[in-house]
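Okay, so here's just one chain, in structure tokens, the form predicted on its own.
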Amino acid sequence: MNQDQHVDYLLRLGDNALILGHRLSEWCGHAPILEEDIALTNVALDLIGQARMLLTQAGAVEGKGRDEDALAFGRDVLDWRNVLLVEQPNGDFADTIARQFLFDIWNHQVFSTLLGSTDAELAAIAAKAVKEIAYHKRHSSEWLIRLGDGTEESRARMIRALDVHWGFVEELFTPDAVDQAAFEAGIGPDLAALRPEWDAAVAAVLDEAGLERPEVGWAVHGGKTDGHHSEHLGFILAELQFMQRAYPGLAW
């Protein structure tokens, strides 16, 4: 695995965490109940904390003097490597839970594997992050069950939300040259090999919720590989990066 691929792989992990953390932070003060307002904010803080560590490691491997702030606030949209799923809008509460659930199951698998990464710093980051992600997975799974097995309205919304987000799942498990190089170097997992376990874990939760696996005829890729994102990422970055774009090098 060459240096550029190593950096790219770390950016993918960090970008996933930062963009999803930013999305969840938008719920602060707007969640349906106070307890959930606090819970979603805590998940967002966990993800942003993980992003800080991952982007710092990406900058260290790159060796060009870019720290976590430079990577978060100084890259244009085509330079971001997050998967498309995490940048999708919050929508209603069911949309947020569907997006979170599908990602959490995968993310827990990935970081569990990263505990044995040959990148010692990445393995240390995973040791901290995997405990937080286990909570994220439990939280989103319990809400999916609650909504799916709840009222007629909550069930209908949960079915629709899963249908909307299911087409973004394929990108999680489709390896490209960077993913393959990370696997061969012992840095990251074999993404395709994670799919059967993910399918089983998702099926168990859907079964408890009384829901069926969505049957969708579409799948999209491009975020992690080519920086080809949905229109939503541009709006996220416009908000996330405004201060540094308006006042470059700003110091408090």
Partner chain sequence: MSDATLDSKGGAGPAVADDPKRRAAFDARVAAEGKVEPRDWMPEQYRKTLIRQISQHAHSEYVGMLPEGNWVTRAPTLRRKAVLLAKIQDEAGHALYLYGAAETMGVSRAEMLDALHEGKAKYSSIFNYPTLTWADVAAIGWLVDGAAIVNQVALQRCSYGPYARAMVRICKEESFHQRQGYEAMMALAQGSPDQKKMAQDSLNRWWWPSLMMFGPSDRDSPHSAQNMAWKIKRESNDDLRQRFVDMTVPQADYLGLTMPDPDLKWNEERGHYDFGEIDWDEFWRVVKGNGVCNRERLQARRDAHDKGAWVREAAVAHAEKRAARSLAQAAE
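What you see is a predicted model, and the numbers here were worked out from it, not measured in a lab. Residue numbers count along the first chain shown, from 1.
This protein has a second form, the form predicted together with the partner chain, left out of what is shown; the following refers to that one.
Residues with any non-hydrogen atom within 4.5 angstroms of the partner chain in the predicted complex fall in just one of 105-113, 90-98, 124-132, 167-175: 90-98. Contact annotation: of the candidates 187, 55, 61, 202, the single residue with a non-hydrogen atom within 4.5 angstroms of the partner chain in the predicted complex is 55. A heavy atom within 4.5 Å of the partner chain in the predicted complex is found for exactly one of 216, 45, 220, 193: 45. Residue 22 belongs to the set of residues with a heavy atom inside 4.5 Å of the partner chain in the predicted complex. Although the partner is absent here, residue 118 sits far enough away that none of its heavy atoms falls within 4.5 Å of the partner chain in the predicted complex. Contact between residue 10 and the partner chain in the predicted complex is not found at the 4.5 Å heavy atom cutoff.
Contact check for residue 180: no non-hydrogen atom falls within 4.5 Å of the partner chain in the predicted complex. Contacts between 69-87 and the partner chain, taken as any heavy atom within 4.5 Å in the predicted complex, involve 69, 72, 73.
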